[in-house]
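In the block that follows, a single chain appears as structure tokens, in the form predicted alone.
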Amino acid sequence: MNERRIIPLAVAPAAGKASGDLPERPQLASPPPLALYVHYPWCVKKCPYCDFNSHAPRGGEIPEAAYIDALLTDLESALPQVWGRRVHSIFFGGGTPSLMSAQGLDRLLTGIRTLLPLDPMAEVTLEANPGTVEAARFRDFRAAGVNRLSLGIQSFDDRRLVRLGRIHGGDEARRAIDTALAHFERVNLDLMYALPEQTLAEALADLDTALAFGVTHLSCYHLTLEPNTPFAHEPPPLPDDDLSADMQEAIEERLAGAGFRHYETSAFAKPGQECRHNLNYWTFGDYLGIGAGAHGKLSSHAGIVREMRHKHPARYLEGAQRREFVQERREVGVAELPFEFMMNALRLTGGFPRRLFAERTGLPFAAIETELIAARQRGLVQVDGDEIRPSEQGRRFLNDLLTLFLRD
């Protein structure tokens, strides 16, 4: 029988000291899996709680053709960074990518396939809002190559939807789900809880309505007041912390009873239905981000870099004329990598295998052993052989857990 290795309980060395000497650069044996993120920055209307890079189009017109041209030029310019690497998933996020015409999306996906080696079984996700116009396009989106749809439902309660500034109602949401399920085997529904003046019964009613459709993936988000949003400037009346915690616990319990696995902080899935694109983020995989404000993380023999494209759509389109897309690019230093890895991997309720840290960061496992000992002593992580995962307490106090991995 193989001996199971565990992290021994020991007194942690003085805070701020790394466990073992770190190399000057990550020593990656091979690059991690690669995904492609495509940002579509326009929405019909900006919601008052949203801090994403989204914009209502000026004059109501979206420059779709010019933007798709820019995206393909952006991708072509980035090819030297990912040359020869196969893409395992594509995610169209926003904004509201479902505002794109089916013909435009087909042209974009055709261009992507021409420029990049795409895995034949690649997951291709499109975010959509349940407005009637977008729902009518679902069949054509599927024909273009999208095989997974993520619907921003948020709630089925018309009063809550109005308070959130959403442009759809509960009936539209239900029709959109029916249409989506008629064309896609894999559908995610986004729900929010702890909404303005929401009760526990109302939060669970939203969940029960979603479950009744038989979807196999749900994302359940606690509404938070993000800086520089209308809700932050004029906060609505929200449930208190105790009621919000009750909602979270009740939602998790009900989903577990329905056969969903809570595999990431806000994500729940039936077995085998997890979002492969998002799992690549949480396991510190690589992703090329194109489009206004898109972020990327790319690894090579020279190290690990993070990039951000020009954020405002107008600036991004202007940059496309000069083939200048990247607003910020920086190398991730070895001292940052333990925190960067753990910030992602500890979102997974099942945690990660010990070997993954070295595979994805190019650093020895000793680089995080001191901090893991301290986290285990505080009851924030559990170690089972080679598997490391956040404890229930660690999931509840994830920021406290992550702070242990910050370096000066």
Partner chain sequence: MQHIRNFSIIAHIDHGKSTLADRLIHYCGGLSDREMEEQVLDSMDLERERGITIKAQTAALQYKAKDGQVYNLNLIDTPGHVDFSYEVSRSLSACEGALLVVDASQGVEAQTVANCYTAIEQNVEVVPVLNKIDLPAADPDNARQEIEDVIGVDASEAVLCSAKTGLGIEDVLETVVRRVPPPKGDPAAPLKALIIDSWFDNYVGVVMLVRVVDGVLRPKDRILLMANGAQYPCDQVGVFTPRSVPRTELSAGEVGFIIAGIKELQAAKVGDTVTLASRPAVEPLPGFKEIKPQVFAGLYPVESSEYDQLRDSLEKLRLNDASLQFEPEVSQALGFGFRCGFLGLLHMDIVQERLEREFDMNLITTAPTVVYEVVMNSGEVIHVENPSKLPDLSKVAEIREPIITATIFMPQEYVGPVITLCNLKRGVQVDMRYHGRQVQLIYDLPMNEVVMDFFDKLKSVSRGYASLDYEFKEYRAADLVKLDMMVGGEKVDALSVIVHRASAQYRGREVAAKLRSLIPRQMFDVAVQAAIGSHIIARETIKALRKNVLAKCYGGDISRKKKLLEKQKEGKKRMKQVGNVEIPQEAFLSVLRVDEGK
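Note that the structure is predicted; figures quoted are calculated from it, not measured. Positions refer to the first chain, counted from 1.
Absent from the display: the form predicted in complex with the partner chain. The rest refers to it.
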The partner chain in the predicted complex: contacted by all of D119, F141 and F325, heavy atom 4.5 Å: no
Among the candidates E274, E123, E202, E336, the residue which, in the predicted complex, approaches the partner chain to within 4.5 Å (heavy atoms): E336
Contact residue in the predicted complex, chosen from R306, R163, R261, R85 - any heavy atom within 4.5 Å of the partner chain: R306
Answer range among 253-261, 174-182, 238-246, 73-81 for contact with the partner chain, defined in the predicted complex as heavy atoms within 4.5 Å: 238-246
The partner chain contact in the predicted complex: D386, any heavy atom under 4.5 Å: no
The partner chain contact at E226 in the predicted complex, heavy atom, 4.5 Å: yes
Heavy atom of D51 within 4.5 Å of the partner chain in the predicted complex: yes
4.5 Å heavy atom contact, Y316 and the partner chain in the predicted complex: no
Residues from 340-360 in contact with the partner chain (non-hydrogen atom within 4.5 Å) in the predicted complex: E340, M343, N344, R347
